[in-house]
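Next comes just one chain, in structure tokens: the form predicted alone.
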């Protein structure tokens, strides 16, 4: 049972208004005179913060009552600290929401004990997908991005150097992809994403992974670097489509099928789909706390649709998340389920994969 609201724990002075169990007409819901607090579990100036403030600038005018919107940064534990507090204490009256990210969703997916929240209990407003791709230095690896079979053969024979921080992270997506393709890479751990990128630019690493926007900004005009595959985007009908910012690059399943003659399947691929939802489809997600009435959720969904359609916001979104379509409501909730829940068989495969290859474990 959710504890009584204690806004002081979240740095908010106003008292919560609890709605009765009877249905609330959305036409009657207003935030007139209220302050809405938008929790960001990261420091100011980071990617999650920038996106939140881009949307914040227009959200008030599309919510009933035009409330003041403030952003409260509560960094710690890759947003886990703020998420634990949000889950336990956030009011359900529409005066608080949070901007989740991949690092918010991975701890529950991977069974980390530090996360005392289940994002599936949160109420989804919108999700912002951000493409991801694997790319390499063509001269060192022998890949040019034009023929999956030739690129695969080159990668199987190349001296691959791939820098990551830890195997138990969003980049497990890439490690599983290499394993499914039977590609052996020398993985150097202990490198942050910025350190790995710097090492790649110096040629010390020759394979790298990054979001599509960053790849295009850094290497889009560099013929010496080529993408091998992307992770695509899940359309509303559930099908996997190519990354709209890399329309000529095959998705991982397309690359796999071109190489092996069959579509990927099995627990390893199911794990990859879990991780793809967490890393790509839910790069950022706007969530209301558990127990928020449907009527309030619907008001926020409609408001956020208007926000992202605003010309100023629409012009700024590609700088933050690329050209991926925004998903709303039920579509976001489905992605949350896919990115935070792992079947026991898949979990057992993941644990064995980590133990055999990286001397690590989910337990």
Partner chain sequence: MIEAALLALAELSNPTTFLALIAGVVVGLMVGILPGLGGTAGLALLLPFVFGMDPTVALAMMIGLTAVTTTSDTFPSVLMGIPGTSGSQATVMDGFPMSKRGEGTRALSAAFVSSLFGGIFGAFVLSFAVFAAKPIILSIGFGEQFMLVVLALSMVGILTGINIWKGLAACSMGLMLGALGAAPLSGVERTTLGTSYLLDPLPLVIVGLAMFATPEIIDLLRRQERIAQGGKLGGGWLQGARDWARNWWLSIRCSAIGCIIGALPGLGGSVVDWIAYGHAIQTTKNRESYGTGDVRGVIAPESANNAKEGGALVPTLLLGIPGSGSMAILLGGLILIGIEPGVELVTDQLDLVYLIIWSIALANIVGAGICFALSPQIAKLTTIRYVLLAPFMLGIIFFAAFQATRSWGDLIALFLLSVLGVYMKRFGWPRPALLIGFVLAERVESSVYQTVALYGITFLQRPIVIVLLILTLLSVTAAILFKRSPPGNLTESSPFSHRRTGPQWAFLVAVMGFAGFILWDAQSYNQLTGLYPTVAATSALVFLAPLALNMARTRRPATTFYDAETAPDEDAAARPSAEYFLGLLLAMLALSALIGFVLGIATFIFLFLWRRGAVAPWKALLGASGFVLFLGVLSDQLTLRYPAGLLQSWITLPWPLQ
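Residue numbers count along the first chain shown, from 1. In this text, all values refer to a predicted model and were calculated from it rather than measured experimentally.
Below, we refer to the form predicted in complex with its partner chain, which is not included among the displayed structures.
- The listed set 238, 247, 190, 261 contains one residue whose heavy atoms approach its partner chain in the predicted bound form to within 4.5 Å, identified as 190.
- Exactly one listed residue, out of 34, 320, 310, 302, brings a non-hydrogen atom to within 4.5 Å of its partner chain in the predicted bound form: 320.
- No residue in the set 157, 183 and 266 has a non-hydrogen atom no more than 4.5 Å from its partner chain in the predicted bound form.
- Under a 4.5 angstroms non-hydrogen atom cutoff, its partner chain in the predicted bound form has residue 44 among its neighbouring residues.
- Contact between residue 290 and its partner chain in the predicted bound form is not found at the 4.5 Å heavy atom cutoff.
- Its partner chain is not drawn, but in the predicted bound form it has no heavy atom within 4.5 Å of residue 142.
- Not displayed here, its partner chain is approached by residue 205 to within 4.5 Å at the level of heavy atoms in the predicted bound form.
- Of the candidate stretches 228 to 236, 281 to 289, 72 to 80, 175 to 183, only 72 to 80 has residues with heavy atoms within 4.5 Å of its partner chain in the predicted bound form.
- Residues of 28 to 59 placing a heavy atom within 4.5 Å of its partner chain in the predicted bound form, in sequence order: 43, 44, 45, 49, 50, 53, 54, 57.
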